[in-house]
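Here's a solo chain for you in structure tokens, the form predicted on its own.
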């Protein structure tokens, strides 16, 4: 009996420690999202609907990078779409040259990170609207390269089957493979969420927050503006490029004309609407901006669905300027308010 009590106490203590670990909520969240990949097999959702969820998963990673830049660092970029395209198209170009997937992805990340570092250096000279215009032209230059340079193959690049770790074939040839690909990109999203969480809670995250509030005060405290601006732009670029690699991995057919300013603005809207400085808010923002119109509004309102999604965005910005994720705090306030009233009423009735 004593041994059973010891075992029970051990597992109880272990359970409490695990639930308090910051990584556990991300794992649970990832498990819930990954389960969507198996719903088409049951007929609960269509296979095309799973593609919409895949897009949401991919652009959650992209938007997290911009959230590090915009939310935590107080900087802006209008060239995000260009780097997503760099990840997807660059992966296709290198793989079509016969380079293995892992090496191709690494090369793309190194090249994009180098460009991000150059933008970070340039950001020391300009700020505000001028920085936005500069990053806009970086994105436009990349877009022109994708559409005009012959190596990118005209309208689209076909990646085809991806051989992962040299022996795992990832393709869209059957439904099981599509579900497996969705599982992989969900795992990658959770991994990037954990990485972002660690960055935000580290010395780097605190330094970025200090710079976003007051650059002069941050410098007075000994924070290097050069170091952390470079870090912010490199991280944002790497997240966007990694999202592009995920796009190429899942869809395996990458258009060259999709990486426009409109997409960059949509990513900014995803961050602002979902919640600045919030990882889960980023996912929520992508879901509102892309998921709601494509999953429901189009079925009801057809081609004018984006009018209603635009109204929804405006309402969110008016009532939740820091992001829709903060509705959770209002719901908690309402819950505790009515709980207190109910408890008071029970005490009164008992008396």
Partner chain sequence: MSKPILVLDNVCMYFGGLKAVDNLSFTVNEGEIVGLIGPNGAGKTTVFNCITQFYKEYTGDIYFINNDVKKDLRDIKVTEIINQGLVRTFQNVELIPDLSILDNLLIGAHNQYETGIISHILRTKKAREEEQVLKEKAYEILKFLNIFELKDFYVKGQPYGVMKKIEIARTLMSNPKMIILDEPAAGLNDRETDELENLIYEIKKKFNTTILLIEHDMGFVMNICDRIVAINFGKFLAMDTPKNIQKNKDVQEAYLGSDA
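Fair warning: this is a prediction, and the values are worked out from it, not measured in the lab. Numbering follows the first chain given and starts at 1.
Keep in mind the form predicted in complex with the partner chain is missing from the figure; the text below concerns it.
For the options 257, 219, 96, 175, the residue carrying a heavy atom within 4.5 angstroms of the partner chain in the predicted bound form is 219.
The listed set 171, 147, 253, 214 contains one residue whose heavy atoms approach the partner chain in the predicted bound form to within 4.5 Å, identified as 214. Residue heavy atoms within 4.5 Å of the partner chain in the predicted bound form occur in exactly one stretch of 118 to 126, 190 to 198, 242 to 250, 97 to 105, and that stretch is 190 to 198. When contacts are judged by a 4.5 Å heavy atom cut-off, residue 78 does not count as touching the partner chain in the predicted bound form. Using a 4.5 Å cutoff between non-hydrogen atoms, residue 204 counts as a contact of the partner chain in the predicted bound form. At least one heavy atom of residue 209 is located within 4.5 Å of the partner chain in the predicted bound form. Within 4.5 Å of some heavy atom of the partner chain in the predicted bound form lies at least one heavy atom of residue 223.
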